[in-house]
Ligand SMILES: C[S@@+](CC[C@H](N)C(=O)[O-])C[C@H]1O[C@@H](n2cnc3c(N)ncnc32)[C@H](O)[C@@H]1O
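As structure tokens, one chain now follows by itself in the form predicted on its own.
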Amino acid sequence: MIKILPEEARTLSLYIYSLCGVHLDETKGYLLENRLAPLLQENSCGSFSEFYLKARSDSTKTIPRKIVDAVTTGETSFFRDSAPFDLLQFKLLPELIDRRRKNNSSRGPISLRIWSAACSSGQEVYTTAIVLQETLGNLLNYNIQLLGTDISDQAVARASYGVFSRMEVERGLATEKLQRNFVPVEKGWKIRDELRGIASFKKLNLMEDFSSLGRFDIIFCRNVAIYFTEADKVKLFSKLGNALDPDGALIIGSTESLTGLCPQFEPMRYQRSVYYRLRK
């Protein structure tokens, strides 16, 4: 594997930050080596400096897109860290539905909007869909919108397709859940149409304005900001606060905290989970 020099790591880190807001300091040279090595080989580059120059001069923007895909694609699985989904099923959804029923003067279908702000290849979105069906029953009785966004073109395409390999479905999905919510296809397992139908996916850079998305009852933004600077974290979560309904809930990663960072959020605890509401 081609080794990255300290100056090359600094240059590439600044370039990656300009592309997607991910901040990789000088200690992350190993990550750049591991994630970008296949792209160096693909583009016949003998050094990271040569690769950087080729990326900057790529008028098609193909290499920059692949860099973003390589750097931002993280670990994911169905029901990853089960606590947030227990929180969703046994706390947030029942309370939300109860409040909506009390305020539903039109007696029409209750609306729910849930956003996975860094959906990767879709497991979090489809896990949420499974929880919704298990909790609410017939989803046709509700007006449900599940949105998954990610900065990676590749991730959004995979999530939209809704097909997962045997290895992917075996990570986090019990056999009974798999058979009830997926159908076997040639390349693995495909999410059932009734669950796929309530989900939509789009590419989105969280560093840019996303006010046009509207407001959401629940926002998942787990392990997204771990490579953001503190200033960018404040900007991101402030924008997420503006996208959250007044009685909505924000769910972040188990190792993340907004305490001392965003005073507009109040931490709430449920069993093993911490989530955030807007202060009244």
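Residue numbers here begin at 1 and follow the sequence given. Owing to the predicted nature of the structure, the values given are computational and were not obtained by experimental measurement.
One more form of this protein exists, namely the form predicted together with the named molecule; it is left out here, but the text below deals with it.
- Contact here is defined as any heavy atom lying within 4.5 Å of the named molecule in the predicted bound form, and by that definition each of 76, 151 and 207 is a contact residue.
- Exactly one of the stretches 65-73, 28-36, 241-249, 45-53 approaches the named molecule in the predicted bound form with heavy atoms within 4.5 Å, and it is 65-73.
- The named molecule is not shown here, but in the predicted bound form it comes within 4.5 Å of a heavy atom of residue 22.
- Among residues of the shown chain, residue 118 is one whose heavy atoms approach the named molecule to within 4.5 Å in the predicted bound form.
- Taking non-hydrogen atoms only, residue 224 approaches the named molecule to within 4.5 angstroms in the predicted bound form.
- Remark: residue 228 counts among the residues lining the named molecule in the predicted bound form, judged by a heavy atom distance of 4.5 Å or less.
- Residue in contact with the named molecule in the predicted bound form (any heavy atom within 4.5 Å), chosen from 80, 166, 100, 180: 80.
- Heavy atoms closer than or equal to 4.5 Å to the named molecule in the predicted bound form belong, across 232-257, to no residue whatsoever.
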